[in-house]
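Listed next as structure tokens is one chain, alone, in the form predicted on its own.
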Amino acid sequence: MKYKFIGALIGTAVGDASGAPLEGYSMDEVNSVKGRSDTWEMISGRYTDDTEMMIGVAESLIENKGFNGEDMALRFIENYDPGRGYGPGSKEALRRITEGESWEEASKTLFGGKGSYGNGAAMRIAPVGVFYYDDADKLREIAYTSSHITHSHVLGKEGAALQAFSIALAVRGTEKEAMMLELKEFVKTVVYKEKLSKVESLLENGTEVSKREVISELGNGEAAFNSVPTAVYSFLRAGSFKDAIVYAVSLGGDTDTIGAMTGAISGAYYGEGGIPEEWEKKLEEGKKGRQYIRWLGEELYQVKFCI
């Protein structure tokens, strides 16, 4: 179980770093750069805002032994490195909180008062998925509330909840064949129910499905509903952590975040031992690098089971 917790966090970072150098590339451009999947390797070990915000979520859950919105928002601000590639919505929400607006209010007026439905909340949600893996109702509540710091649109929050629950099922060791039914029962919005039905249909068609069809049906963009289901599919169709990441990134588009989300689910399912050692070792080190992320996974486990 401990290595599943670590795997989800390290998996996020590995998937993120794997996709980061290719962010914004089309499927054809990725494949021209990377070549055949059996020769695919990580280009760089540097992570993006996806992992940096995930670190903030984990730090806050550990410090507070659960969710504290004000503290989590402050963690995001303290860790903020503009060179990591933050999206405009998250940057603006964090700027407003820095200037004194409450974390409950800062994201509400973004995007014409509708809030963001991007995948910026889902990409960082792995610590919530592992920490609340055994309580679906609490997991949904915390996924929604933690998302609200930067993403107040229901489709952004529901995407984060779907991603967190996928991780929870992976931690539980739920068989892949049984996951789809549980995921479809978990989601509440029509958009995600329809997307998961498409995931199920694509899985049923097996190897006959082209990547272009997957992109057309599920998406590879920054909206949560055009990326979280894609990560779920990339995990479910694959037989290993490496296969899942290679496939997710090969679709192009928002490669770092789809890679991060696929890595989180896959790391939770296969455990840290399922992550290629050479990939994990390539992750950047430093104050909040690879060893620190491993430590966060261990601490989350300790807080969950030993305190």
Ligand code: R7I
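All figures in this text were calculated on a predicted structure; none of them were measured in a lab. Residue numbers here begin at 1 and follow the sequence given.
The next section is about a form of this same protein that is not shown, the form predicted together with this ligand.
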So which stretch, 202-210, 89-97, 189-197, 73-81, is the one near this ligand in the model of the complex (non-hydrogen atoms, 4.5 Å)? 89-97
Is F235 close to this ligand in the model of the complex, meaning a heavy atom pair under 4.5 Å apart or at it? no
Flag T262 as yes or no: does it have a non-hydrogen atom within 4.5 angstroms of any non-hydrogen atom of this ligand in the model of the complex? no
With a cut-off of 4.5 Å between heavy atoms, is F165 one of the residues that contacts this ligand in the model of the complex? no
Can you work out whether G118 and this ligand are in contact in the model of the complex, taking contact to mean some heavy atom pair no more than 4.5 Å apart? yes
Considering only 245-265, what residues come within 4.5 Å of this ligand in the model of the complex, judged by heavy atoms? D254, D256, T257
